[in-house]
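Only one chain comes next, encoded as structure tokens, the form predicted on its own.
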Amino acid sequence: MPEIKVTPLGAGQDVGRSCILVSIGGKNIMLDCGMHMGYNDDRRFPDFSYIVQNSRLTDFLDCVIISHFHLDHCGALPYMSEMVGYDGPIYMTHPTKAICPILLEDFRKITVDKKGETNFFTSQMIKDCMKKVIPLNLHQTVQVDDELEIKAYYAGHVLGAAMVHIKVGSESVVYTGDYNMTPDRHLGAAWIDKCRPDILISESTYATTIRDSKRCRERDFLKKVHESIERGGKVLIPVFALGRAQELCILLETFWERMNLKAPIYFSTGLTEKANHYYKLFITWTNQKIRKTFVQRNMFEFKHIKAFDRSYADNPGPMVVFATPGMLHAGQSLQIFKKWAGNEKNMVIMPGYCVQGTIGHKILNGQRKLEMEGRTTLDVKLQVEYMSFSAHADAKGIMQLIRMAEPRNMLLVHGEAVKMEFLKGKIEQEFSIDCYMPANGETTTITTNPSVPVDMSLSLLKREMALGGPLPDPKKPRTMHGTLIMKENSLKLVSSEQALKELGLNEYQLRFTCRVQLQDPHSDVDTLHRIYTHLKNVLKGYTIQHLPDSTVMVESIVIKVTSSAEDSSTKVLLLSWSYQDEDLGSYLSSLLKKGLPSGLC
């Protein structure tokens, strides 16, 4: 039987370093190629030696697909293509292709130029890697080769994020990447066809969370920011450059306007301009409201939010600063956090998920003394708040997507093991499908039952209905008799008359014959009558006739009796039937081989 194999090289029972290997119909596809924010050693990148030891990945992979521009999904791409070695096609959407190299270069600067790390990709490698990218449009079917095709669907989450439907023959897989089932202030909700894939590979970051109403969260967020500003404190909001940052900027901009507040709001230098540029360029990827009002007013041009200079961090008085990155693991957000951590008036609001090992994860777990680089200790006195504006689907959203796509199997990645286990149970209970959650390096093999689509001629369908059968129920199998013909790579079931006409062939009747020896002392005529009586008793619901030409007919099966020349009590039964009654013919020959019961008239 054909099978699909799925092996996470990253994000198996873990968040970060997303990299899923799928083998389907003899094709090998890599889904995402991310890095782990919580590690600074070899564990940062996926273990590509699992695929090949000393040769290039091009020899093994048919294509690579990147779901969106977040570094935990694309951060290892230049390392994989330029340092390990891959020359094949890399697919991603237009916005991802535009934004991905900027974030990769920002991260390279932090890692190499500031921290001085080696064994890392260069600026030139990023450029060379991006030359291999083929952009995807939503809902456009792309033929990777003669057999492999892919199609992208809107995923919400961040600008340009896409889910992807992968198909080889009749086998298919859907990979969600990160997605959001609820629309927000700047993006729409994820959507996919009822494509019924063999496997749906879904992220499960918030596997056990059902979020409260978005309006309540927004109100709490504004209240906390306002209270901190009123008491003269500074508010740090660590964000990633694109995504939640724009969402919260729109929220604060509207609130500042309404409340006529004067405290300054700042955003990391350079990134606002870049973000603005891309949101203008890819306005079709935003939600309906922003697209409608864009001509009158660009929601991403802010009156109250100004570019940040690092010297502002020491300014007296209240302020709000959006700084990157979002998990406090490096960069400007970490620098500001170090400066403000010692003052209890100040506040840090973590608006998204933080990977284990990052400063963000540590302070959210209540750690108040942090060991920094150079063995220095940082006392955390500021207020730490967690408010989930994360654009990931919660448990309710994941269930919603399953109802939408109707997969035959489910596979969870990009989540914590304990929470995944809970969701796995819920999915299996509610949908009665198998759900898997492999760890990194562990392969899940799913056997598929490929269905071959066959068109059916209207005349054949009408004939079947005319025979008195009920209308076909699409959910129940039904046997249909016809001739299967292949034309231009598609199959069609037609009546035998139509098949002969279309193919220009002559009709021949094919019948099967079988001889059965029987011991019976009666005359041939009496033996035939006894056979007729026996069959009438055994075969209820079948048309059985004793014909004047000394034959018995059961449906299309003809039975004749002759005596053996050597012994008149040895009868030779000749059975003949058409191919439609092959099963019944075989049954009758077996039945008559057992002989006739005594006492038959």
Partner chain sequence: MAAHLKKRVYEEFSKVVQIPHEEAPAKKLRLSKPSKSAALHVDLCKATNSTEALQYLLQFARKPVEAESVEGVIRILLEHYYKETDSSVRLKIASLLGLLSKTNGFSPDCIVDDAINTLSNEKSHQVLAQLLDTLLVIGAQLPESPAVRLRLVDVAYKHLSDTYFGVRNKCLQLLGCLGLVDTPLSKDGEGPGSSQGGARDVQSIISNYFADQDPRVRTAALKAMLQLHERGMKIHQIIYEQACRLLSDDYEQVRSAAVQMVWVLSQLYPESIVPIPSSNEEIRLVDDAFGKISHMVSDGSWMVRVQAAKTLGSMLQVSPHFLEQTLDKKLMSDLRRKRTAHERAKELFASGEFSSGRKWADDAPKEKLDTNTVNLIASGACGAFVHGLEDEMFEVRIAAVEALCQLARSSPSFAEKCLDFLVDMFNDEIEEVRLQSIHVLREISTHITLREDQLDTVLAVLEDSSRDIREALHELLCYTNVSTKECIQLALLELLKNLNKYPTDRNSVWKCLKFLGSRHPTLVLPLVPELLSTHPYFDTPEPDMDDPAYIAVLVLVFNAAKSCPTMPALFSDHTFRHYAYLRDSLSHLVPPLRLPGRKQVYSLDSVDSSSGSGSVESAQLFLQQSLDRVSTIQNLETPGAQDLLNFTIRDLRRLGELQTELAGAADFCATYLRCQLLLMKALQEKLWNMAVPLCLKQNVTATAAAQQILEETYKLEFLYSGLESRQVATIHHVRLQAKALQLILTARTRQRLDLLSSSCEKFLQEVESFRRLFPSELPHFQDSFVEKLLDVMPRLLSCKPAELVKILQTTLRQSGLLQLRLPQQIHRATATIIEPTGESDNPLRFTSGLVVALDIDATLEHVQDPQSTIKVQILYPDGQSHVIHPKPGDFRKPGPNRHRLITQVYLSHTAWTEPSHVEVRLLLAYSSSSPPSKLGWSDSIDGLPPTEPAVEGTIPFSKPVKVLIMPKPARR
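Positions refer to the first chain, counted from 1. In this text the structure is predicted, and so the values were computed from the model without any measurement. The term rigid core refers to the most C-alpha atoms you can superpose between the two forms while keeping them within 1.5 Å.
The next section is about a form of this same protein that is not shown, the form predicted in complex with its partner chain.
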Item checked: Among 331-339, 131-139, 215-223, 232-240, the region lying within 4.5 Å of its partner chain in the predicted complex by heavy atom distance -> 215-223
Item checked: Contact test, all of Lys194, Cys354 and Lys419, partner its partner chain in the predicted complex, heavy atom 4.5 Å -> yes
Notebook entry, point to check: Is Leu252 a contact residue for its partner chain in the predicted complex, using a 4.5 Å heavy atom cut-off?
Noted result: no
Item checked: Ser523, heavy atom within 4.5 angstroms of its partner chain in the predicted complex -> no
Check: How about Ala395: is it within 4.5 Å of its partner chain in the predicted complex, going by heavy atoms?
Finding: yes
Margin query: Contact with its partner chain in the predicted complex for Asn119, defined as at least one heavy atom pair within 4.5 Å: yes or no?
Written below: no
Note to self: Please tell me which of Asn440, Gln400, Thr111, Ser457 lies within 4.5 Å of its partner chain in the predicted complex, judged by heavy atoms.
What the structure shows: Gln400
Item checked: The unique member of Lys487, Lys127, Lys306, Lys426 whose heavy atoms fall within 4.5 Å of its partner chain in the predicted complex -> Lys426
Next item on the list: Scan 498-515 and note down the residues that get a heavy atom within 4.5 Å of its partner chain in the predicted complex; none is a fine answer too.
Entry: none
Check: Once the two forms are fit on the core, has Phe422 moved its CA by at least 2 Å between the shown form and the other one?
Finding: no
Margin query: Superposing on the rigid core, is the Cα displacement of Lys262 between the shown form and the other one 2 Å or more?
Written below: yes
Notebook entry, point to check: Is it true that Glu230 shifts between the shown form and the other one by 2 Å or more at the Cα, once the core is aligned?
Noted result: yes
Next item on the list: Please say whether the CA atoms of Arg258 and Asn287 come closer or move farther apart in the predicted complex, knowing the change relative to this form is 3 Å or more.
Entry: closer
